[in-house]
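Taking the form predicted on its own, here's one chain by itself in structure tokens.
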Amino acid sequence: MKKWIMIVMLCCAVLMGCSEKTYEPREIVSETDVCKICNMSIVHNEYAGQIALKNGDYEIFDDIGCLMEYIEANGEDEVGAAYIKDAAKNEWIDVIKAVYVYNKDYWTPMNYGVVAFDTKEAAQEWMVSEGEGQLLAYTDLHDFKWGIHK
């Protein structure tokens, strides 16, 4: 009997050790949250981004360009998950799975002109109503020429 209890306890310990940590986006508190890069208040939540670090901390950003600047400077090793707001629905979506549209005339808090959507169809609907843009994937954002686009 003791042998079976030891085997069950060992299996439980192995399963707990192998379980993957899950991350969830947290809500933005406009009164206190500021962008980690530009130090601006998060006034326009529909463009906000955040990174959940593996140590449990969160880094908050007012624009996808600031979030990408943080990743470029710090790498992705300590990133547990990253989220960006869907510009049409104002809901958190995974940065890697999001579809992006760039147009220099799109307004964003830092004037990067890049907005995120949960689907390609939603991005195309945005372009019909707000003006044509360039579709981008997350991998494209690493090579994107960030800067204020006027």
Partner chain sequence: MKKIGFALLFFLFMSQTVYADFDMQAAIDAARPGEIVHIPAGRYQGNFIVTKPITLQGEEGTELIGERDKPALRIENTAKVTVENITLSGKNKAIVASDVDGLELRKLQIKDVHTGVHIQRSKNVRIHEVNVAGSEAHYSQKGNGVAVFKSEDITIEGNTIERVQDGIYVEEVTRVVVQRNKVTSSRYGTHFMYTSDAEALFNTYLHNVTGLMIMMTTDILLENNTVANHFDFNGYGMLLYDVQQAKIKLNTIKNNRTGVALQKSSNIQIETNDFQMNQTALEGTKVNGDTTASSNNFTGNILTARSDKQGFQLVSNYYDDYSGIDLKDNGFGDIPYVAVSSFGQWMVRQPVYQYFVASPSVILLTSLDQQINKTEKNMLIDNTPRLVMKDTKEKNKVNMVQMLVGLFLTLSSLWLWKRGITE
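Remember, it's a predicted structure, so these values are computed and weren't measured experimentally. Residue numbers count along the first chain shown, from 1.
What comes next is about the form predicted in complex with its partner chain, which is not displayed.
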Assert contact residue (its partner chain, in the predicted complex, non-hydrogen atom within 4.5 Å, options Glu31, Glu121, Glu91, Glu27) equals Glu31
Its partner chain in the predicted complex: contacting segment from 77 to 85, 94 to 102, 36 to 44, 121 to 129, heavy atom within 4.5 Å = 36 to 44
Any of the heavy atoms of Met110 lying within 4.5 Å of its partner chain in the predicted complex?
-> yes
